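Here we start with a single chain on its own, the form predicted alone, put down as structure tokens.
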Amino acid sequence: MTDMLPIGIFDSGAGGLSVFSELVKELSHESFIYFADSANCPYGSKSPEKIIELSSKITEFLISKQCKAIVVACNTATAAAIDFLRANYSIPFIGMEPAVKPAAINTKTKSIGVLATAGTFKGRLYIETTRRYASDIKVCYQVGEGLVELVEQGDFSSTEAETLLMKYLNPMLDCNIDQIVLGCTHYPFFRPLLYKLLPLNVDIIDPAPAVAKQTCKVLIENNLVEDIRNKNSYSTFYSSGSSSVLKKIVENIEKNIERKIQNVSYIDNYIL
């Protein structure tokens, strides 16, 4: 019966909904339990030890809800904690892969930009991926300090957001980049603003679609795919703070995929 259980997803806040959006496209018949650790957001400036502690608590909560697999929909948590989680829990984990490889393959100017949190840049995955695939590429990286907080406020397009983004984009554009990797799951919500601010020759790379495909692959490999005939799927969103931004983004996701997500519920101020 394990194939009828939900998929767990967690992030420091609302950012992981950029991954959830892709998951519901790939796995529309599955159920999901999402945990937004909004009370402790952002994770980017926290120590690896603290992120491991928080990620472990959330993992144990999702396991208690009988999740059959967990998507760590947070680049910072993936960088700091996914090795620990895989070593200490038997459930399958899917993390955020730094999308440096496609950027390095597709660049024509031999210069790419990466916008991420400080914690992501320190992680093993980012360091190894950059060394392996971008050793002969100029990588211009920027820590997007303050961007997560704007998303958590539901601010994706204000003058403040535009000014802050340009502060980080200009040094990368000065490096002649033609690819920009969004290294935080919060950042895809700025996509309309990025299209406005970036030259047409700069491609925006969001790893979320690849993560959704990898999740599907992991479920198949572990015989955990839900029967497509299931009509009782649900999506439950827990937040350790307010779920108001979660609701706003989920409503936008429904508009984008042009269908209602079944049996949606929200639980606010859920402290582990």
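Just so you know, these numbers come straight off a predicted model, no measurement behind them. Just count from 1 along the sequence shown to find any residue number.
The form predicted in complex with a small molecule is left out here; the points below concern that form.
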query: Option touching the small molecule, based on a heavy atom within 4.5 Å in the predicted bound form, out of V71, I180, A99, C184; finding: C184
query: Contacting member of V114, A103, V148, I94, with respect to the small molecule in the predicted bound form [4.5 Å, heavy atom]; finding: V148
query: Among 73 to 81, 190 to 198, 162 to 170, 133 to 141, the region lying within 4.5 Å of the small molecule in the predicted bound form by heavy atom distance; finding: 73 to 81
query: Residue contact check: C41 to the small molecule in the predicted bound form, 4.5 Å heavy atom; finding: yes
